[in-house]
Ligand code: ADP
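As a starting point, one isolated chain is supplied in structure tokens, in the form predicted on its own.
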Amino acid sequence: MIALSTQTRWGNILLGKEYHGLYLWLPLLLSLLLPACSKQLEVYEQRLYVFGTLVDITIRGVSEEKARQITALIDTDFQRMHHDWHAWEPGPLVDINTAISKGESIQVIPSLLPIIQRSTELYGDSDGLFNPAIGGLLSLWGFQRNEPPNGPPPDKNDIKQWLVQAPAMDEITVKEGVLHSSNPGVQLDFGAFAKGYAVDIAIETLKKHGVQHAIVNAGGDLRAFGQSEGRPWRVGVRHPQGKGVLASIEINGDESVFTSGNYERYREHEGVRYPHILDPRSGIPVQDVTSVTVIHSNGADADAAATALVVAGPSEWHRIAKKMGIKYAMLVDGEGTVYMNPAMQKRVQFQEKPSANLVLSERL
């Protein structure tokens, strides 16, 4: 075991997300703590509400008028995504799931084709631990709704029936825009990486319009590029036990930092908490991991990988991270033990010495 660093440096952004479906629950400690404005670069900040969470956009170095115009474009994109990708409110994705359940083929709108394709690729890369085909299981557990679920967990026989169907992304075919699945149990829900995918689109819009310094923070998960007042953006990772900041991370160039955790979104019955991240192999919530933080070049892959590594757990996270091409990952288990690879250790500065130990893996 290796002692944790006790260095203390505050970050610009506090990370730590909780979500499921396309309603991504607002973290209790979402914040945007920015340094004083530079005299050389104008700073524009806009807060949007989409996917059931707050999205903070900070742009440096362009006029307020131009920043407003760009932000308006991003907001329009976000609202379209929210409608098109929603897993239980009427819209294109619900239409797809209804057709699949009836054994029918359906024409897919263009905006859904790339996200279906990418999620299928990530499903394969993660050995199926990231599986957007588990919408039916999420519904069983009550996580496809706008309010937190309550009451007892689903009947074990219902879970067994779902496991028999074993819906998976590789059971979907799309040819000339027409989607079909031979498994009626497949029900698509992109909540496990919709925010990351949307943040990537927002970043590309910013770059397309000449922005050189910006950060898009969607409910605590973010992607940033450029600098803040001539210094790298610095972000804080929320402590998974709700005790403020666990650590801070400095952004290098253009990077995404995403955290998937089980500390907010859950159902509780008779004193037992059932977290929202479900293991598609067992049909039940993951209990032994509280959070995973991933640094990656894009938000979609970081978001999906963070979810997959929670499911992988302490025994398999390194293998899955390597298979998914992740170079920086940190997992915190239910006992507070921190697992990470050496490269991630170099990037993380802990706010205070945690009560448990650090377990370093081999290189990724």
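Computed from a predicted model, the values in this text were never measured in an experiment. Start at 1 with the first residue shown and count on from there.
Although it is not shown, the form predicted together with adenosine-5'-diphosphate is what the next lines describe.
Engineer: Considering adenosine-5'-diphosphate in the model of the complex, find the one stretch among 170-178, 189-197, 75-83, 94-102 with heavy atoms no farther than 4.5 Å from it.
Structural biologist: Careful reading of the contacts points to 189-197.
Engineer: Among 217, 256, 291, 131, which has at least one heavy atom within 4.5 Å of adenosine-5'-diphosphate in the model of the complex?
Structural biologist: Result of the distance check: 131.
Engineer: So which of 122, 235, 224, 278 reaches within 4.5 angstroms of adenosine-5'-diphosphate in the model of the complex, heavy atom to heavy atom?
Structural biologist: Of the candidates 122, 235, 224, 278, 278 is the one lying within 4.5 Å of adenosine-5'-diphosphate in the model of the complex.
Engineer: So, a 4.5 angstroms cut-off on heavy atom distances: do all three of 265, 303 and 311 pass it with respect to adenosine-5'-diphosphate in the model of the complex?
Structural biologist: Answer is yes for this spot.
Engineer: So in the model of the complex, does residue 138 come within 4.5 Å of adenosine-5'-diphosphate, heavy atom to heavy atom?
Structural biologist: Yes.
Engineer: Give a yes or no for residue 261: in the model of the complex, does one of its heavy atoms lie within 4.5 Å of a heavy atom belonging to adenosine-5'-diphosphate?
Structural biologist: Heavy-atom contact with adenosine-5'-diphosphate at 4.5 Å: present for residue 261.
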